[in-house]
Ligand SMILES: Cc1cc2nc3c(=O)[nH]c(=O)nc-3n(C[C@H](O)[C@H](O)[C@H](O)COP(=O)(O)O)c2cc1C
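Taking the form predicted alone, here's one chain by itself in structure tokens.
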Amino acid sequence: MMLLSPMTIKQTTFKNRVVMSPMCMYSVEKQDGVATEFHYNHYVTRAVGGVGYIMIESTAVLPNGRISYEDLGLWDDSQIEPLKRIVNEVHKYGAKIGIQLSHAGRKSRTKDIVSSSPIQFSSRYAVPKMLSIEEIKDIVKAFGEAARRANEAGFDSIELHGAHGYLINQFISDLTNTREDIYKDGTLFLKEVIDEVSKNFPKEKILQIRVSGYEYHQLGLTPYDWASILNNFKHQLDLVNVSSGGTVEATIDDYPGYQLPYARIIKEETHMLVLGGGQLDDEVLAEEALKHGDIDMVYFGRKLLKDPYFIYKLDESLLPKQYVRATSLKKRLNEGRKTL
């Protein structure tokens, strides 16, 4: 089964192609961005469950870059150790782990929100302040410092959150960027973030980006637009995580595999390694996407929330020794095991 086959990127070998999608847990207890016991148990459980690649949820590089006050942060050295504890334990179970670095921009529910332009996301959000060039430079440096901390915590990879209408996406999309200065070309902000992160994160480790392959608006970005952008960064980015939507409010028909066409186009147009998913609760559909070459790895979100051990249903031979008693009676008898 290709889904359970290993894959190597640079010097990192994943035991399978199952990826835990970054999903906000809104579980920080003291509004300090520090990972809690819930986060530890949440991520380690998926490592015990056999997931090959775990991605920590959206983690803010600055306090006002959080989506909510309950989000994780990596803007201070005090936030390193609790994340390091998670990383070390996840590694014990043979999984690799990355962290998604983010700035929510105009989609933050904190104070003093900012964006590429003073355009409100919706009536439920405040009007953001347009960032000055000096403030943009400060945010770029914050991404770099967060990358340094991510390396100190031992993460195998960093994912830049360029999807779902957050700050990187806000600079790149014409729906959210109406600037008239050098940052009118939003890819400049992305370039500076990538360059700064690369200075502070080892080149032998993985640097990837998440993008909204389609923005569900006639003037929004398409997978062809993103492919053109990504072709400029192929020498720095190792993997593209393809999602969709979030830049503006839109109705999305999210049927199983609905995002795979966007991933396929980006892969065909860039020849980069692509991580894809979207309502892929059916492992058969995920397997077909891999075999057809549409994607190289598969992310699972809600499925892993509901069933962190689904991998063992696909292949009982992967069960940890502590759980072997859960295999079928016939199989245990065939292997000479007794159940009494």
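Keep in mind the model is a prediction, meaning the values are calculated, not measured. Don't overthink the numbering: it's just position in the shown sequence, from 1.
Keep in mind the form predicted together with the named molecule is missing from the figure; the text below concerns it.
A.B. asks: Have a look at 46 to 54, 267 to 275, 292 to 300, 29 to 37 and name the one stretch with heavy atoms inside 4.5 Å of the named molecule in the predicted complex.
C.D. replies: Flagged stretch: 292 to 300.
A.B. asks: Using a 4.5 angstroms cut-off on non-hydrogen atoms, would C24 count as touching the named molecule in the predicted complex?
C.D. replies: Taking the distances in the predicted complex, the answer for C24 is yes, it comes within 4.5 Å of the named molecule.
A.B. asks: Taking 4.5 angstroms as the cut-off for heavy atoms, does R149 touch the named molecule in the predicted complex?
C.D. replies: R149: no, not in contact with the named molecule in the predicted complex.
A.B. asks: Give a yes or no for K96: in the predicted complex, does one of its heavy atoms lie within 4.5 Å of a heavy atom belonging to the named molecule?
C.D. replies: Output for K96 is no: heavy atoms all beyond 4.5 Å of the named molecule.
A.B. asks: Examine H103 and determine whether its closest non-hydrogen atom to the named molecule in the predicted complex is within 4.5 angstroms.
C.D. replies: Heavy-atom contact with the named molecule at 4.5 Å: absent for H103.
A.B. asks: Flag this candidate site as yes only if S5, S157 and K205 all have a heavy atom within 4.5 Å of the named molecule in the predicted complex; otherwise mark no.
C.D. replies: No, none of the three is in contact.
A.B. asks: Select from 127 to 166 the residues with a non-hydrogen atom within 4.5 Å of the named molecule in the predicted complex and write them out in sequence order.
C.D. replies: H161, H164, in sequence order.
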